[in-house]
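Single chain ahead, written as structure tokens, the form predicted alone.
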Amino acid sequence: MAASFPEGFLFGAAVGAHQVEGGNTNSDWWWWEHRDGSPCVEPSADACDFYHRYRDDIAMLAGLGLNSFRFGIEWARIEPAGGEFSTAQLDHYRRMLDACHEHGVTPILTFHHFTLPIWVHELGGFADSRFPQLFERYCERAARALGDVIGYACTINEPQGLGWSGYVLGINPPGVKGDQRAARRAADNLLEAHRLATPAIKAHTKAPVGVTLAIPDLQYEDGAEPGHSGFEVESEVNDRFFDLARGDDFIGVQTYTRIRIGPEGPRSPGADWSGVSRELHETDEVTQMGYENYPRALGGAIRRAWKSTGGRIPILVTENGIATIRDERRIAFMAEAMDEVLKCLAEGIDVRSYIHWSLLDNFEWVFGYTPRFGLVAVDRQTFARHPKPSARWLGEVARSGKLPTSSGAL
């Protein structure tokens, strides 16, 4: 196994724009959080006020020893009405990118992280035939303004699940349940959106461009056969993105757990997709999200992405982490997950980053602010930041390029 991470390896943390910025009032998620009967346990409101506090947050990240930061831009701010682009908002995001460079931090910019402008939602959202071209236009305009200061560009965050969540489960906008045809249209449109957006972005930047995919480590047990659970449907969509990604500059790998498939179907904790529980209970076996506590899933996800893209597309780990109120457990989770990265490197897999989810305790969609993924706690009243021991632990790994010999027990 590789004893240390290679020179130039990116160690960082991530946030999603809507989850931390606050006041994203022109988005479909703001509508979704406030509509009658919303499954969201609470609205995003001011979130972490990152929109105004980004300079201090980037300085904090760099001060911890991390050398990369993955964050997003908000389509709903940049194009608040169809064809109407905000120079002021593009300038705001440029200042964020500049702040990264000022602190020696490589910015990994995400163009789309779940949310849509409300006007795109009203046209039909992901399932509408116009979506790919509208997304291409937005990406071209944003890249034209920002491209020279982007480190890496991610087109769409976890597109494989957006159709299933929004049109079958109904836990994301537009909140439709059981419409698998619409979910398939959304998946097709998201594939086309990535295909169109990639050259639109590359026309204005030298930064590598790719897509980030949620890739749970699917493990089939004896007697199990492939079926049509939500995880397997997403896996099939991932296969289509892997084929498309063979022409990209990198593939972003994001995983949090494994899913064991038995003869009767998925049997891991958290594998029941029939609904979203408002009660989050962490135990020794499961995280706050109800996922099996299995950090070594990251190795399986990396190996799948590497093999599925032909063993030649660089891998960025763009999200990995655990929702827990026990920070010592977060440290142990990262240690095991990053040990898997070292094993993959020793196998000859071209892995170039470990980006932890997330920098801040933030708005976790329908679950609100209860899940604690962050390296940094955020006071919900004052927005004061409080780095946890896990933040300093990851910073030390980044400085040394090595895992400590002992990181505690899960």
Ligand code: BGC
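Predicted model, so just to flag it, every value in this text is computed and none were measured. A residue's number is simply how far along the shown sequence it sits, counting from 1.
Not pictured, yet referred to below: the form predicted in complex with the ligand.
- Note on contacts: among F69, F50, F373, Y354, the single residue with a heavy atom within 4.5 Å of the ligand in the model of the complex is F373.
- Taking a 4.5 Å heavy atom cutoff to the ligand in the model of the complex, the contact residue among I78, M289, L97, V105 is M289.
- Though the partner is left out of this view, D188 does not reach within 4.5 Å of the ligand in the model of the complex, counting heavy atoms only.
- Residue contact check for N172: none of its heavy atoms lie within 4.5 Å of the ligand in the model of the complex.
- Taking the partner from elsewhere, Q254 is found to have a heavy atom lying within 4.5 Å of the ligand in the model of the complex.
- Residue contact with the ligand in the model of the complex: E158 places a heavy atom within 4.5 Å of it.
- The stretch that touches the ligand in the model of the complex, counting heavy atoms within 4.5 Å, is 111-119, out of 293-301, 111-119, 84-92, 176-184.
- Residues of 342-372 that come within 4.5 Å of the ligand in the model of the complex, judged by any heavy atom, are W357, E364, W365 in sequence order.
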